[in-house]
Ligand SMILES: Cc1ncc(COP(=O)(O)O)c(C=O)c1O
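As a starting point, one isolated chain is supplied in structure tokens, in the form predicted alone.
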């Protein structure tokens, strides 16, 4: 399907139509031509993320979304709850701590979900928390946390909900408004089928109201500046045109496929991947009830050697899969099945992992 068989949890393969879109010539970024394309891009993003509020395509990796969410809605010393279910939850919390927030970490066991009961209990213990930092899809463990249940509960409590949806948005349906998400951030290089370089951020009504109270200094990342510019069809500074072309084309592909059909395709890929591992006796890492449809994590046989196994898959089959992160770096293998793929691509990667695991065990 593509020259490099990239089956890591991001960056993901880029479709030919998106690659072709990036070949378009540069245009003036203050022209009617740009404004027309930009307005259509924002409308497509709103449709995919199911929000009627502001969406900003910020230059930078998905991680810049953490900073943008924090500096636009909070102030130094504010207490926040950081729900940590894996390495990306750890990183989100670390950014908040670097900004001087009073971060109360609430950790769940690796491979388990941050359920509504976990978040509700944490809010009961810390009723003055101004915001909850929450990871929708924890890429490091292959768990999708139940955002649809957590969001309304947090809204009823009165705290803001800042959500990392880097490895879920664009691949699976997210009802940003219906699930009471105040800020949702994602990255172009995952389910959106684009190269790295854009952080897509949706900011709801409560988030925009919070910008007037937030006391963190901010300039380029200021939601108000972006909102004012987008109202005119512009961006605050020179737009990364090539990446905007790519995202515009990718959003068209996503909408043409339809989010329900897209979700079904991802669920089917996840199911087939896990069947391959289960039939080989390899233990899945995530709680099956909350296993992600965009990335599967499986324990390395014997509890170690994941890095060597990943190396063997690359050398023997020219397929790139990923080992774990942080404390799990040598304990699990992760296969990404998000964005642009065919079912046989994913099955081939899972089968290669099993074959190499068998060889290494001999």
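Residue numbers count along the first chain shown, from 1. Keep in mind that this is a model prediction, so the values were computed, not measured.
Beyond the structure shown, there is the form predicted in complex with this ligand, which is absent from this document and is the topic of what follows.
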Is residue 189 a contact residue for this ligand in the model of the complex, using a 4.5 Å heavy atom cut-off? yes
Non-hydrogen atom contact residue 50 with this ligand in the model of the complex at 4.5 angstroms: no
Partner proximity in the model of the complex: residue 141 to this ligand, non-hydrogen atom cutoff 4.5 Å: no
Can any non-hydrogen atom of residue 166 be found within 4.5 angstroms of this ligand in the model of the complex? yes
Which of these stretches, 314-322, 57-65, 30-38, 301-309, has heavy atoms within 4.5 Å of this ligand in the model of the complex? 57-65
Pick from 245, 88, 223, 277: which has a non-hydrogen atom within 4.5 Å of this ligand in the model of the complex? 88
Considering only 132-157, what residues come within 4.5 Å of this ligand in the model of the complex, judged by heavy atoms? 135, 137, 139
